[in-house]
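There is one chain below, alone, in structure tokens, taken in the form predicted on its own.
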Amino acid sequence: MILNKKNLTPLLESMAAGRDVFVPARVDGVAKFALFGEGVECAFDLVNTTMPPKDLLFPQTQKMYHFDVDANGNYRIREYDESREQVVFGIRPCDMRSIVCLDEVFLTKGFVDEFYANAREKLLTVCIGCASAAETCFCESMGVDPQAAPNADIMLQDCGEVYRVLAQTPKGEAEVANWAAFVEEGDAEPVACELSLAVDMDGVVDKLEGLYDHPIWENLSIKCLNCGTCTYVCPTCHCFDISQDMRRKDGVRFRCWDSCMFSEYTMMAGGHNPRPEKLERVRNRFMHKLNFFERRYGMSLCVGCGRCVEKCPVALDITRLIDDIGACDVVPVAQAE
């Protein structure tokens, strides 16, 4: 089944009739997933948006519950559920893999985050395979196929003038059944996508366990500003803080994105901070991406989207770090045992 690109706009208009549809667009100079509608020009030519689509499931600021005291002095708590039927149309394979990572964090290991779960259940994912790559893309090295996303509900493979349409889940099949007016029978060959950037992850996870006190971290952290840019543009970073807004006996508790790059993130009551210096914070971030998450969930927390490589103001490059780790003369812990 194929979808002619000329039918994209009427298809999106049809989909947006009863739910929110988010598409890649440039809004006030920022490439992000924006609500499709009047005045929003789709930018499917973007290799990747600057801001990832994670805020559709994990909003930058999210109300959790409202609390107050009634006339009889009884405390009342009302949970918020702001989730709604949503479609993310045009997500790339690397960002689809990032949602898989977030699913592991918020939905597995014996705990379900209800806010995330509600939003995830109501999200339809339509992925578009990449026909080209940016200089900072290295997804293949992290196990991502730039033209495939098996966890997406619907996969569209770019074939030039048309997309090959693949429904991959029951939800996707039900959706494609509604596309009859916009698709037609047929097949086409996807445009080849070649990446110029690659890293070798072989042995990196094991090696890192023997590099905790290695000088590599001091050398890396010297130029880091701890600005948090990398964590905010990263599609898999999921640190958050919980706070509240009080008006006498009436208040709202909410959570918002935080960053392990900020010194306040690990500040404890009494003033103790287990990661007081840049070195500890930088090391923790990259150990989490390349080792801790792999050990806990069986996959890397880096999807090779290249956003942090592109946006870091001091060019602190995770791909160079991976190469440096590979070059370190250290016996991987797994082999040593």
Partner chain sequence: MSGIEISHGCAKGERPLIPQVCRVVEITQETPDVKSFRLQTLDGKKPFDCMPGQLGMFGLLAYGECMFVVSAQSDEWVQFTVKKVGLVTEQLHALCVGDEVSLRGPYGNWWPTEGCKGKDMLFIAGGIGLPPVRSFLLYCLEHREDFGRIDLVYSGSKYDDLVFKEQLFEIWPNEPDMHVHVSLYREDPQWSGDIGYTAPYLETLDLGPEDGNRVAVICGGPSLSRTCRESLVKAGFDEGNIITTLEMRMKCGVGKCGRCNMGGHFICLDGPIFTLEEIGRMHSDV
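Everything numeric in this text was worked out from a predicted model, so none of it was measured. Between two forms, the rigid core is the largest collection of C-alphas that superpose within 1.5 Å. Numbering follows the first chain given and starts at 1.
We do not show the form predicted in complex with the partner chain, though everything after this point is about it.
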item: The single option of L166, A131, V105, A198 touching the partner chain in the model of the complex, heavy atom within 4.5 Å; value: V105
item: Contact residue in the model of the complex, chosen from M246, A174, A180, A192 - any heavy atom within 4.5 Å of the partner chain; value: M246
item: The partner chain contact in the model of the complex: E184, any heavy atom under 4.5 Å; value: no
item: Exercise: D241 in contact with the partner chain in the model of the complex, heavy atom 4.5 Å; value: yes
item: Contact test in the model of the complex: G37 vs the partner chain, heavy atoms, 4.5 Å; value: no
item: The partner chain contact in the model of the complex: F89, any heavy atom under 4.5 Å; value: no
item: Proximity to the partner chain in the model of the complex (heavy atom, within 4.5 Å), stretch among 140-148, 246-254, 119-127, 166-174; value: 246-254
item: Sequence-ordered residues of 46-78 touching the partner chain in the model of the complex, heavy atom within 4.5 Å; value: M64, Y65, F67, N74, Y75, R76, I77
item: Threshold 2 Å Cα movement between the shown form and the other one at N74, rigid core reference; value: yes
